[in-house]
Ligand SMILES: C[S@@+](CC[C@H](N)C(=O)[O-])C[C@H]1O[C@@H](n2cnc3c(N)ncnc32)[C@H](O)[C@@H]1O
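This document opens with one chain alone, in structure tokens, the form predicted on its own.
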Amino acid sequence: MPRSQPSVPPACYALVHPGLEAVAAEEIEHDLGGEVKKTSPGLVVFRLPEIDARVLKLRTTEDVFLLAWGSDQLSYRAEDLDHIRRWTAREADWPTLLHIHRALRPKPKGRPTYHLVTQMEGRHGYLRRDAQKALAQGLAGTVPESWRPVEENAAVEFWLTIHGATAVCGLRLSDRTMRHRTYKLEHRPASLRPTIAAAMIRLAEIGPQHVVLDPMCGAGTILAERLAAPFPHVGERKGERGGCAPVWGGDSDFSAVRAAAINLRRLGPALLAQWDATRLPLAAATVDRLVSNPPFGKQLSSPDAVVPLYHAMLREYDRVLRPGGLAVLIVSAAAVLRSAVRNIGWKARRQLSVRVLGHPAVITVWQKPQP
């Protein structure tokens, strides 16, 4: 018989881009009223007062799951497989988790489908396929024989994620659109990951009337995250979006401006132009928030070209940014950026280390002082 439904909802967990755990935790706490129980590289475990469709609207997470079981005491040896098998069979309340899953992800027509996913990072005394076999053995009796296994677009996905000594197992609530946004109709090389862009938007503490500028907008991912954000930021009341100022953006490449226009078309007002980010056609002190992904050294004619670019870029950004305004920039050449910032006197607010397309990078938050 199914177990009786608990009065306290089960825990959830989110997989996040490594380095964004703190930002994702803040979004869960602020926007969902959740309580974060644990964070580790790429993982945030949390509880919600109520598990509803709002959890699928998170912007800084790659995927969200109902937690079946978790452990941070794996031995790295083959005996872990017995633990995975036993925890999956005995510790998880699958009837309750499947009930919640069906409420948020209605059962599709036709024969139900399912898929088992196993991810592993770190050196262990067993292979990923061994861990997946243990997961499948633990699920024996949970998955009805009438369900059909598929490789893609399954109605129900059982996930096991192993990272070093930590393992979590659960039911995936989200689908691919959480990490791959539906607005991205046009793509550009080296385009920023949407969840990273969303984290930068949160770090910018944007209010409804703030003018937001991305001087090197590429395909418009950062601007799209501002326009698409379903939850309020600073200065907005929960549940209201009314009267947001248009976003401003531009790029030196006209094809990038065209791609941004297509991606932003359905999201909200955006003023876009082809321009040189070191000579912006904007009046002084007209921008409240500047959020951007300048080119990394490897994207320029030579790595050394980043030095004059960043110095010229920062002088112009300082000119258009209002006193007290915030700038959020993601760069790989952090030392070059800090050198350029020293010349204009911005104050550091926050820094997060991430990886972009396999390269180390930092998200930096700066404030222009008041006179």
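Quick caveat, the model's predicted, so the values are computed rather than measured. So that there is no doubt, residue numbering starts at 1 and follows the sequence shown.
A second form of this protein, the form predicted in complex with the ligand, is not displayed here; the remarks below concern that form.
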{"query": "Which of 97 to 105, 151 to 159, 80 to 88, 190 to 198 sits within 4.5 Å of the ligand in the predicted complex, heavy atom basis", "finding": "190 to 198"}
{"query": "The ligand contact in the predicted complex: A219, any heavy atom under 4.5 Å", "finding": "yes"}
{"query": "4.5 Å heavy atom contact, D251 to the ligand in the predicted complex", "finding": "yes"}
{"query": "Non-hydrogen atom contact G207 with the ligand in the predicted complex at 4.5 angstroms", "finding": "no"}
{"query": "The ligand contact at D276 in the predicted complex, heavy atom, 4.5 Å", "finding": "yes"}
{"query": "Contact residue in the predicted complex, chosen from L309, L56, L67, V341 - any heavy atom within 4.5 Å of the ligand", "finding": "L309"}
